[in-house]
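Here's a solo chain for you in structure tokens, the form predicted on its own.
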């Protein structure tokens, strides 16, 4: 039975309306946020009071820009340090885990794989609370065993701070990196690695000279994804952060009391940086698929 022309036209119209509404819902808030970053008014709202770049670099008392806000710069630096460490750990763990699950067969493989994947389905709030409670239990055990004085250096390191934030974020971002890298490794023809060993290369030499270059697009994509996920993470970080907040935590604490277009300005910078990293990742992924 053939479809009626009117029915097909109606479905196409509904689809177009839905698609346009989705784009408006997605991009209009971002566009408005970007416009308000250049509004000279101290309140990030309309009407338009005149164009300015002061919310990016100004140092006057009534208009402090992002680049001259010492607390904002420290928060950005903290986010970069945490994201850098999480990215490094995620790439190392993701690469080794990918080789383990793709190349090896052993007893309990499926159970171990499920244990690694599990953090992805755990809400960030629950994950943060669980890690905080776990380390508080360790601190209590160390104090009871060695006494407060002897355990103080270790206890200080296990208190909420950068170390716990890195471990908390790594617990699920490392899993995402594993999925990205292992998907690429499954497509690798193992014959190329064997050919390199037949020509005199060692196993490690073949891996670093043949397999790793093949995995490079996936490594780059996983690294960019891990960095972005770590940089913007809020739910898990909120429970594990110490006296040096990352940027999302700092912005949250500031928004609770007052808001200026400086928030819009840092949002524009973050959107531009995210877009560039996303474009780089898409470009490398496209080249990998062509290759």
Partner chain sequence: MGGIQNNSKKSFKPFPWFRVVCLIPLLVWIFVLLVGPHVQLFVISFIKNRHPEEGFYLGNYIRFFSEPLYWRIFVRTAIYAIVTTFFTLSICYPAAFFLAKMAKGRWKLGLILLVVLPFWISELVRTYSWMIMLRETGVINWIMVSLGVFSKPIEMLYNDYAIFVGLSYASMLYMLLPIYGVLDGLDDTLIEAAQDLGASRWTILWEVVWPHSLPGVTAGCIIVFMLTLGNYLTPTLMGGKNSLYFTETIYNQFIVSWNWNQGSAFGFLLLLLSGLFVWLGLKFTGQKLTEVVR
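Numbering follows the first chain given and starts at 1. Here the structure is a predicted model, which means the values were calculated and not measured.
There is another form of this protein, the form predicted in complex with its partner chain, and it is not shown here; the text below is about that form.
Chemist: Consider the chain as shown here, without its partner, and state which of 115, 212, 144, 192 has a heavy atom within 4.5 Å of its partner chain in the predicted complex.
Modeler: Spelling it out, the residue with a heavy atom inside the cut-off is 115.
Chemist: Tell me the stretch among 67-75, 102-110, 80-88, 212-220 that has any heavy atom within 4.5 angstroms of its partner chain in the predicted complex.
Modeler: Flagged stretch: 102-110.
Chemist: Would residue 45 sit within 4.5 Å of its partner chain in the predicted complex, counting heavy atoms only?
Modeler: Yes, contact at 4.5 Å.
Chemist: So in the predicted complex, does any heavy atom of residue 39 sit within 4.5 Å of its partner chain?
Modeler: Contact with its partner chain, no.
Chemist: Using a 4.5 angstroms cut-off on non-hydrogen atoms, would residue 148 count as touching its partner chain in the predicted complex?
Modeler: Because no heavy atom of residue 148 falls inside 4.5 Å of its partner chain in the predicted complex, the answer is no.
Chemist: Any chance residue 161 has a heavy atom within 4.5 Å of its partner chain in the predicted complex?
Modeler: Looking in the predicted complex, residue contacts with its partner chain do not include residue 161, since no heavy atom lies within 4.5 Å.
Chemist: Residue by residue through 116-133, which ones have a non-hydrogen atom no more than 4.5 angstroms from its partner chain in the predicted complex?
Modeler: Heavy-atom contacts within 4.5 Å come from 116, 117, 119, 120, 121, 122, 123, 125, 126, 127, 129, 130, 131, 132, 133.
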